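In the structure tokens that follow, a single protein chain appears in two forms: structure 1, then structure 2.
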Structure 1
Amino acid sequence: MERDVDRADTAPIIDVHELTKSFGDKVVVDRISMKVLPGEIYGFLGPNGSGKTTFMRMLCGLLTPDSGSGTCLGHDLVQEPTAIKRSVGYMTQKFSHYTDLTIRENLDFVARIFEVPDRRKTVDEAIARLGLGARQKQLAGELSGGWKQRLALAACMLHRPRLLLLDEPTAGVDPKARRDFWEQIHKLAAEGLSVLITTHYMDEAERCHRLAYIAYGRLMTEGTVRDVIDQANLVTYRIEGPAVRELTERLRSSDGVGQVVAFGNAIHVSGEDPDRLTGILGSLLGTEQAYRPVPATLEDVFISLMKRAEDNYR
């Protein structure tokens, strides 16, 4: 995806090297390196418990890395956490504003803590943008999940951060709100804001400029959507017809088949070795049932990466 960025501004916003964090003897983030450029929307994907939240927390000074180093907005992660916090907007995975304060009081508190100039106007605008003018006196705890997410997003942008760290901001949000959200994110990115965002939605992953996929604390792949799919070296065949259901089991138990995923009346069969895969398909299906190659989707790639990680690191 093409963006025009000022040459002077192209120093990475996030630039970390081999960040590692363990809890007890469990390595939760394992030597992850990453660069995020100004104006970039960087998607951070991985199964639950793979260390995404932990990684984000290290970026904004909430956790101290066990080893590794790096900078965020040009400030050292370990030495200058306060300088980082001043220009980062962090949206936690779990709603962590005050449920016993109203919407306005929560926003006002955040604005005061960040010493936002022109506080009242900033908060007014945020409430107007949220479309919550009429409900600003409602307690945050009474909001539905989707509105809580929106409030949290509005709160982490009050102080005009240069980097947003969004931890599953759209989990449990309806499709319309998600689309609005992404439109807003792209608008902000066009203005130069960088965003690191975790998500489990494939359509959201595809809207990111670049992606990283982690499993068991390790970075499995990284790059644009195209890069990620290409790097996976995955061949996928689509099989349609009435017999697919019984085929699925047989395919799953054969060596050389990476995964079999059902899509309605069809299945996608993927593997890393094209010759072996066509061999298996040929012997199982004979000639009467057709199979045709289709481009691998991100989801195919991620599922295959996850399985690979399971085999290697568990």
Structure 2
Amino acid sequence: MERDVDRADTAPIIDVHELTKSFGDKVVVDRISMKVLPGEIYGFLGPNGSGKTTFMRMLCGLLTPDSGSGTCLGHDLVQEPTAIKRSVGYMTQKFSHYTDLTIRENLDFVARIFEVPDRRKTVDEAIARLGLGARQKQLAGELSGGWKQRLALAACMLHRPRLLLLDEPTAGVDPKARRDFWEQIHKLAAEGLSVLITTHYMDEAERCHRLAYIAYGRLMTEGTVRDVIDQANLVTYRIEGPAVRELTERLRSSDGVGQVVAFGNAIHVSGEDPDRLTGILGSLLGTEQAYRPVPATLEDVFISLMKRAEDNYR
């Protein structure tokens, strides 16, 4: 999703350079630099274990980087972590509220922690905004994944943060709940709130203003959706016809083929050299099988990037 407002001259909400974090001899975040602008929804993508959560925890003052520098909301990451914590809304992967308290009781508890002024009114507003009114007396432990998600987002917003850090907030919830959640995120961004969000869903990635993809702690690519796809220089063909699935292993073992993915009765084949790839297809396909170019997708790009990445467990 492209931005409709040019904010290039606006001071970034997140501005970090060469951030690095290791645990033992494993480098989990390896010299990552990033800028996030006011009102921007920035997608942070990568496979499990790629360092996304560790990076987020450094941004909100929960972890100290081993090296690198930067600011979050104008506060120094190393020198001012407490100031950052009070100005950021952080939604973790795991539901972290009390299951034996109601929605209202959980929100009231969080408001007390942040010493929110006019606490009752603020909680009322959060309940109304997230559509929690009819369920406010329900125990959090009895909520479905989508309603737990709304509670967690409401709790993040109580102290009126300027930045939301959302770590896979829609994992395990149904498509309607995911869509409703993203509607809320775009409304908040339109009001000037910045959002850094991790996700594994490609449709969600496409709803972000800009993206970054990391693998094994390293930043592989960043930019708008269009930038990321164009930078990959991937060409993809759709193959249709009888017995195309039987070609899968032969194509995968061909030098010059990056990936082969089944799509119903067809397969998609991607590579970086169009002439080489068409030559391979011409030699392997039968007369009743046909191929045609199709646009490369984010999923194609991310699988390709993952194959290029060097495993930091080695």
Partner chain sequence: MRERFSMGRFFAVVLKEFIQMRRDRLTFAMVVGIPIMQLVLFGFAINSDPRHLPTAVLVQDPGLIARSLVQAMRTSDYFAFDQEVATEEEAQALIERGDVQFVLHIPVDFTRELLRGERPQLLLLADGSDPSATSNALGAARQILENVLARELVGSNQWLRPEASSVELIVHAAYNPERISQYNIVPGLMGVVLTMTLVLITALAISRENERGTMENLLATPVRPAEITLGKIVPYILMGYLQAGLILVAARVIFDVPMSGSLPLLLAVMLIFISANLAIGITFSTIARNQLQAMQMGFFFFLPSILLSGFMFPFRGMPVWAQHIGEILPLTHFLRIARGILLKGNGPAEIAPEVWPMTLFAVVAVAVGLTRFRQTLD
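Computed from a predicted model, the values in this text were never measured in an experiment. Structure 1 provides the reference sequence; residues are numbered from 1 along it. Whichever C-alpha set is largest while still superposing within 1.5 Å between the two forms counts as the rigid core.
Only structure 2 is derived from the form predicted alone. Both Lys52 and Thr82 are counted in one common rigid part of the motion between the two structures, based on the superposition that better accommodates each C-alpha. A two-part rigid motion is described between the two structures, in which the smaller part turns by 13 degrees against the larger.
Superposing the rigid core and comparing between the two structures gives a CA shift of 4.6 Å at Ala134.
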